[in-house]
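In structure tokens, one chain follows: the form predicted alone.
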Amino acid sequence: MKRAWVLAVLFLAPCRPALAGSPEWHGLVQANYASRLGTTRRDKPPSGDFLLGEERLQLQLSGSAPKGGAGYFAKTDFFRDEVDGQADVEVREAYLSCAKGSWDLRVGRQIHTWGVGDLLFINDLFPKNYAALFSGRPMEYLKTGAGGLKTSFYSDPISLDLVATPFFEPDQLPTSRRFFVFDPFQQVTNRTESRPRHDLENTEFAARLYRPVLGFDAAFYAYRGFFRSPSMEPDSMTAPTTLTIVYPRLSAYGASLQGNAAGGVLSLEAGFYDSRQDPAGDDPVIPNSQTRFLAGYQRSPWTDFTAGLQYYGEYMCRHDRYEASLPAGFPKQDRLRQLLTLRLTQLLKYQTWRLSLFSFWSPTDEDYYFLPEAAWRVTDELTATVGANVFGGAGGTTFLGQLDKNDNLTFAMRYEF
């Protein structure tokens, strides 16, 4: 009943209906390919050398009422996947909006971005597509949309965002169809996926409260929903015959701070993940509760060059119970997982060239991930990009180390209109 009341409040937030004005069209045509590097014929997965082979047409349509107060936005991709030999349509965003005074309401499929991390997400618990990132699609395709409601209240002292998502969208992770990935139950072929049902009681809720504090942008977050990365539940830990893919329940609470400091930009963020289906921490297939945190600093030491560093950590609660329950032979997670990132960006020739490097390195997992890229803006409309995804690690069971055989070279051309 309480959740239904919150949904009603979101729907009934003040807004003024109005007729839509003249639409505005924008779009792009893009060719995007990624070829695997350094694999032998024996190593190749079913997709062969290519991780990605796409041609896309994206159309954006937006408009607003003649007197303001109401509007609409839609972004749709039409694409052909040459690797699978199939064509499809992806509705990335499609929503209606209305506003009155300090209130704003959006209804429909939306992409949300919260938090201050650079490719590190703590309080941004909205769906993501890591398979797109690792196969060389443009960075914008890391974030995916989900259908729901967003209402915002703006004021000088404090502002508030509330998001309700009735339809669960999981993260899209690399699969064995195109990637080499670690699977602790690879011998089990009888698998089913159990996503949260589209019931009111399974509606996800997220809230963000934010305001300036002493020259910094401060925010507080709360979330109640599900882990977006799946867990595997076997019918037996010793001799499994069936496997169920599940998404355990999750609550999260956190805060972030970002602002100018020491000649650059300082970013701090933390969050507590409450694993509601494993409060005791003794179920090895469901994530334990965690505290996650990051600190980042970005600076431009000279013209058209920026450098950014981040330190990220995940501290597992009840690690002793997790160790005691872990079956023999399964890879063990550290109590504290640590990660360092480095971003370097240089613009050249009147900013028509952009050279960049983003790297992940984990001293605890002993794995890494490099994303070098060179982009040339040929004209105001046409951009050509060459990049790579390079993975590695001491073992084949960590998140990045398992992708060691998936190094790939990427090429993309985009024409915007």
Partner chain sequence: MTPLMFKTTVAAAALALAAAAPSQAQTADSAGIVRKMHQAFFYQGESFRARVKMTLTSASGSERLRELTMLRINTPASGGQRYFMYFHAPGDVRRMAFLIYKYPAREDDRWLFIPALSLVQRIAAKDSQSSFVGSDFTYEDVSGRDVEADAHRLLREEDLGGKPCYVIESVPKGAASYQRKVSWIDKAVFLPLKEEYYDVQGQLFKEFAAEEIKEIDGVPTAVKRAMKSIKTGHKTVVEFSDVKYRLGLKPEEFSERALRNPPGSWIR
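These numbers come from a predicted model, not from an experiment. Residue numbers count along the first chain shown, from 1.
Missing here is the form predicted together with its partner chain; even so, the following discussion is about that form.
So which of 182, 311, 154, 220 reaches within 4.5 angstroms of its partner chain in the model of the complex, heavy atom to heavy atom?
By the 4.5 Å heavy-atom cutoff, the listed residue in contact is 154.
Between the options 193, 140, 199, 88, which residue brings a heavy atom to within 4.5 Å of its partner chain in the model of the complex?
Going through each option in turn, the one that passes is 140.
Stretch from 222 to 230, 322 to 330, 170 to 178, 97 to 105 whose residues place a heavy atom within 4.5 Å of its partner chain in the model of the complex:
In short, 97 to 105.
In the model of the complex, is there a heavy atom of its partner chain that lies within 4.5 Å of any heavy atom of residue 111, even though the partner is absent here?
So residue 111 counts as contacting its partner chain.
Is residue 304 close to its partner chain in the model of the complex, meaning a heavy atom pair under 4.5 Å apart or at it?
Yes, contact at 4.5 Å.
Indicate whether residue 187 is a 4.5 Å heavy atom neighbour of its partner chain in the model of the complex.
No, no contact at 4.5 Å.
When the contact criterion is heavy atoms within 4.5 Å, does residue 275 count as touching its partner chain in the model of the complex?
Outside the cut-off, so no.
Would 26, 210 and 380 all count as contacting its partner chain in the model of the complex, using a 4.5 Å heavy atom cut-off?
Heavy-atom distance to its partner chain in the model of the complex: all three under 4.5 Å.
Mind listing which residues of 403 to 417 have a heavy atom within 4.5 Å of its partner chain in the model of the complex?
Residues within 4.5 Å: 416, 417.
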